[in-house]
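A lone chain, given as C-alpha cells: the form predicted alone.
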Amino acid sequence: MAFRFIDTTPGSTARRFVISGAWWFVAGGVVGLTAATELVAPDLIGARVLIFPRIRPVHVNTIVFFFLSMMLIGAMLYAVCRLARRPLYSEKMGNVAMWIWNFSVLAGLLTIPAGFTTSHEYGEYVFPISVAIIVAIFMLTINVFQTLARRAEQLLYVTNWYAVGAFTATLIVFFFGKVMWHPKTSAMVGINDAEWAWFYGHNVFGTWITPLALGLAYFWVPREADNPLYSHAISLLGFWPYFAFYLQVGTHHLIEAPAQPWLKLIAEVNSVGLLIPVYAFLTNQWMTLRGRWWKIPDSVVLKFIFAGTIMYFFTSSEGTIEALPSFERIAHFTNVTVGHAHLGLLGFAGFIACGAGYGVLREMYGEIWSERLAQLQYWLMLIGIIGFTFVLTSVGLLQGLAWRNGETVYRVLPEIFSYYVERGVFGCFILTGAGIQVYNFLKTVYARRRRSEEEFFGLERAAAAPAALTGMAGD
C-alpha cells in the first residue's frame, strides 16, 4: 500500500483519524505509566523535563485530544457518511485537518515538558497549538455540515444531531475557554480566569468527548444488535437537556474559592439535572438490546460499546455526587477525582472509541484481522480500568477523610504507597491493551482488501443506517 500524504480515496480521513488515535493511545499510555511510576519511585528519572508535574499534563492532553478525539472523530465521520449515504464532502480537507491535528500533538509533546504551558487543566497547550487545533476543528465542522447538506437520506438520525452539537459547541467553548483574544497568556485575571478555565475544562469532556461517544453508541448499538432504536423521542430527551445542563457545571470545581455563589448553585443544580439526559440515553441503549443480549459476546464492537455505557452510568452518577458540596469537601483534591476522570475518559469514552474504531475498520475491510486479539484487549482494558478506578477511589477517600480529621499530608503518604503500586500494575493492563489495538488495526489495514466506494454507498445502502431509519423504530 503506497503512502500518500493527502489521500482522497473515500473513507481515508476516517481511517487515518482512527489509526492515528490508536497510535496516540499507546504514546499517552506510556507517558501515563511513567508518571504513575514516578509516584512510587520519584528518583527513577532524573531529567527535569520528565518529572511528574511536566509529563502529567502531557499524558492528559495526549489521551484527551489525540487518542480519544482522533478516534472518535474518525468513527463519527464514518457514521455521518453512512447515515447521509454520501461520501465525505472533502477527503482532501479532512486529510489536511488530520495532519494539522497530528503535528499539534507533536508540538505539545515538546513544549509542555520544556515548560511552555498556560497552566490550565486540559488547556496547557500554548496559543499557536491552540490555534492549529481550532483550525482543524473548523475544517472538520465544515466537512460535516457540507456532507449532511448533500445527504441522500432526509431523516437526520440522532447520531448526526450529536455530531453537529459536538463540533458547533466545541468551536465556541474552545475559543472562549482558551481566552483566544489574549494570545500572550491565554488567561484572564483572578477569579474570572478560574471560572473561564473550568467552563473550558469541564466542557472539553461535556461538549466534545461525550457527545461524540454518545452519538457513536446510537449508531453502533442498533446495527450490532440488529434491532431498531427503542425510541426516537427518548433520544431527543437525551440530547436537548444534555446541552442545556452541561454548559454550566464547571464551577462546582471551584470549592473554597471566591466564585459567585449563584454561579456555584447553577453548577450544582445543573449537575443533578444532567441525570435526566444520562438516564434517557442509557434507557434507549439498553432497551434497544432487549431480546438481543446474546449478541453482546458475539460482537467485539458491541461488547466494547456496551461496557462503555455501563461505565457511563457509574461515572455520571459519581460526577453528580461529586458536585455536591458535602461530598466535595472530602473528595476534592484527592485521587477520587483522578479515578473519576479515568473512568469517564478511558472507561466510558475510551471503550466506545475502541469499539467504534474496530467497527469502522471491520466495515472498511470486511473483517478485523484478529477477533481473538480484540477480545483479549477488551478483557485487559476492562480489568485495568475497573482496578484502576477502585484503587484510586479507595486511596482518595482515605486521603480525604484523613485530611478532614486534621492529618498532615506527609503522614498519609506511607499509607497510600501500596495503592500507587497497584495503580501502576493496572496501568500496565491498559497499556498492553492499547498496544494490541494498534497492532490489530495495522494488520487489518495492510492484510485486508479495502472495500470500494460502490460497496460503501451503492449496493449496500440499505445496510448503511440503523434499522431505526427504515421505519422500524419503537415509536
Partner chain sequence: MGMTPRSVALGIALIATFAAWAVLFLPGLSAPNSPSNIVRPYTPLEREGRVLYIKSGCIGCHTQYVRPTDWDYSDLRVSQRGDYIYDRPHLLGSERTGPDLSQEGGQHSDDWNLAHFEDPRFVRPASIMPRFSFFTRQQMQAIIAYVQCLGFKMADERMARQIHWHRRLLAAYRHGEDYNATYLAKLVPRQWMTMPNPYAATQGSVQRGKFVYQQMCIFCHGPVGDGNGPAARYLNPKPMNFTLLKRHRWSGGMIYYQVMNGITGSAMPYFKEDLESAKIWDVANYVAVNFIGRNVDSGNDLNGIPASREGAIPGTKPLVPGAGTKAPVPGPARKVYPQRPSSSPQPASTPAAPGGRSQRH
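Positions refer to the first chain, counted from 1. Values in this document were obtained by computation on a predicted structure and should not be read as measured data.
Another form exists, predicted in complex with its partner chain; not displayed. Remarks below refer to it.
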query: Among 428-436, 66-74, 25-33, 48-56, the region lying within 4.5 Å of its partner chain in the model of the complex by heavy atom distance; finding: 48-56
query: Its partner chain contact in the model of the complex: Thr408, any heavy atom under 4.5 Å; finding: yes
query: Partner contact for Glu256 in the model of the complex: its partner chain, 4.5 angstroms, heavy atom; finding: yes
query: 4.5 Å heavy atom contact, Thr334 to its partner chain in the model of the complex; finding: yes
query: Contact test in the model of the complex: Pro128 vs its partner chain, heavy atoms, 4.5 Å; finding: no
query: Heavy atom within 4.5 Å of its partner chain in the model of the complex - residue from Arg151, Arg362, Arg292, Lys92; finding: Arg151
query: Among the candidates Phe390, Phe313, Trp403, Trp286, the residue which, in the model of the complex, approaches its partner chain to within 4.5 Å (heavy atoms); finding: Trp403
query: All of Glu121, Gln260 and Leu413 with a heavy atom within 4.5 Å of its partner chain in the model of the complex; finding: yes
query: Heavy atom contacts to its partner chain in the model of the complex at 4.5 Å, residues of 232-255 in sequence order; finding: Leu236, Phe239, Trp240, Phe243, Ala244, Leu247, Gln248, His253, Leu254
